[in-house]
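Alright, two takes on the same chain below, each alone as structure tokens: structure 1 and structure 2.
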Structure 1
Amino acid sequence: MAGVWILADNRDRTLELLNVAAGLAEKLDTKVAAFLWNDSQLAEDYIAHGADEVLILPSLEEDQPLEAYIPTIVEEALRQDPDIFLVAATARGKEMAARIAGRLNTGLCSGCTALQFDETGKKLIMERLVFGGAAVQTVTCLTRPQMATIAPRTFAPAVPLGDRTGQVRELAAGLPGLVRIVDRKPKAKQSGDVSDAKVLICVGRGLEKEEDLALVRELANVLGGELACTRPIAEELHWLPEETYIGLSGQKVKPDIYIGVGISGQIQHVTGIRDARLICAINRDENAAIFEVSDYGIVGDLYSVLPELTREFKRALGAGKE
């Protein structure tokens, strides 16, 4: 049985993959199958959103990591021979996709940013960024299944398709893996999820000291947004958590509004914001590269511009509530 398979960590990512998978399955005249590992009650929800089959992965023992599902997934793939296998490019998804592709002896387009389908050759034409985001590479996979990891929010989520029926099938448990979990210590998050934020205020090296983050945070609070940063702010200066930095090796975001504060606009950072609906920038250097990709720009000292901008937003939003 051929088909288009998808694997994601959660419902939101699954619905995004279901959207693109449904279109590919229609062109291939085949079915869509979605793996489900954390909530069997979502099976009917996935069917309503486009899945023809939901494959429920068996429960794991408490000391087993989710990567222990890989042998079960590989065994099912060897039996069913899917045409295409799409995996959400989360931290866990990317690791699992690489291991699955290795065991299936097939190719994998990691970090895929766009998909097209060649109906003549029945092949996926996949794109991903290379050379720090300065170029786009086109990739095709000559083996089965054709695999790709898809960054979150690359595609809009699928919508319910009315009365649909599908098959729900529980997969048999495989042998326990050799890796054991001896302890779990959740990492405390110091901020919201920038990948899902509608409004992002992003700070760069133009900020002189950590205490000045209060200026940026105030604007973010007024707009109901999240605070993000460039890589040096998180990894070199440690002013903000690593999960908040945006760029080629960090988060890829798709907010409705992005405001860059004191950001030069290097290609490694711009790669992470290219899908933002509206890009605004504040920089005292009128030749800063960030202005080349901005819809709106303010040339000025951020220490003068930010307080004034915050006051104006407060006034405008306050008037809107009256």
Structure 2
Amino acid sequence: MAGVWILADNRDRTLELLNVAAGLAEKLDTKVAAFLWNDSQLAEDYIAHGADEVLILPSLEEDQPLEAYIPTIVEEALRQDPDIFLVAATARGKEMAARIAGRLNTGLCSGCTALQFDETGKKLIMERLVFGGAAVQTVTCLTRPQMATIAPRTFAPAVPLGDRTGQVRELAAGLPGLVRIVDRKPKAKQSGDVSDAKVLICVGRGLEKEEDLALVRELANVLGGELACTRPIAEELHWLPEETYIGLSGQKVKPDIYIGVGISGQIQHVTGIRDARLICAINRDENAAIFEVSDYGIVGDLYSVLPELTREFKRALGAGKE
């Protein structure tokens, strides 16, 4: 037996992995299997998007975290011997993948950002960022299955392929694990989502006071964009929600336009915007590192630049609409 397996926390991530998995399965002349739990309704959906087989994990006891599926998944992997096993690099996905790889005694490329298939060696050539984003490591897996966790939104979601059929198979329940959930505090959904925004206005510590966010918000409104920030703004000053900070330990984003305001451009931040189409920056220090990774920059004090910039954008956009 063989196959390309995928495991992801939710539908969006699953569709992204289905997209890559389908291409790989074709090259290996094998099938795509996707794991699913809770919502067996999605099985047909996954099949329509490229899965040949959907492996349904049995429902868990109330106090069991998703990681309790690890023994069941490992057992199935030992039986089926997949060629490739891709896992979404969410917080849980990363833990599950590392533990599964540990039990299967196989290699895992963590946080894979790009991959190619080497036809001769039947190997994945995988890239990942190291040294806080300053360098790219290219790795290959020497053992089976070849495993990788894939950062959210690295690949576009699969599109429905019309008339497809596939198998749905339920796996047997395992024993409950020793880790028990005693409480859950779901995060309240916030309105704007920086990860999908086309235009991002991102603020850093160059902003002096929380009230001054209004200046930035005005520019965002004119451009129809969302507000984002650097880590200190969210984690130390708490001026914006944690989900809105960008970088290595925050969100990775791919907007059409990123405008960084009062941001120095440390590698840990900049790593999160490397895929932006256009990077712009406003900083009063002409030697700020952010300018080295920007397409267009304005050297100046944000307190005088922002109001004028907002006014100019408003005028230009208004004129275009007339």
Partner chain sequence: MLRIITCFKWVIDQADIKTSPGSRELLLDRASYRISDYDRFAIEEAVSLQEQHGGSTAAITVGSPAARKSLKDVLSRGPEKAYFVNDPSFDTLEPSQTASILASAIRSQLEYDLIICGEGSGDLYAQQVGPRLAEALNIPMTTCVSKLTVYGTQIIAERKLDDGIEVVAIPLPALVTVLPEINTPRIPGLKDTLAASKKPVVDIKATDLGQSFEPCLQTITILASSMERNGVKFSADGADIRKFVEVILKTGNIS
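Remember, predicted model here, so these are calculated numbers, not experimental data. One-based numbering along structure 1's sequence throughout. Rigid core: the largest C-alpha set superposing within 1.5 Å between the two forms.
Peer 1: Tell me which of the two, 1 or 2, is the form predicted in complex with its partner chain.
Peer 2: Answer 2, the form predicted in complex with its partner chain.
Peer 1: Relative to the superposed rigid core, does the CA atom of Val305 travel 2 Å or more between the two structures?
Peer 2: Yes, the C-alpha moves 2 Å or more.
Peer 1: Verify the C-alpha shift of Glu226 between the two structures: is it 2 Å or more after superposing the core?
Peer 2: Yes, because once the rigid core is superposed, the C-alpha of Glu226 moves 2 Å or more between the two structures.
Peer 1: Lys27: after superposing the rigid core, is there a C-alpha shift of 2 Å or more between the two structures?
Peer 2: Not so; Lys27 is displaced by less than 2 Å.
Peer 1: With both forms fitted on the core, how large is the C-alpha shift of Trp239 between the two structures in Å?
Peer 2: With the rigid core fitted, the alpha carbon of Trp239 is displaced 3.0 Å between the two structures.
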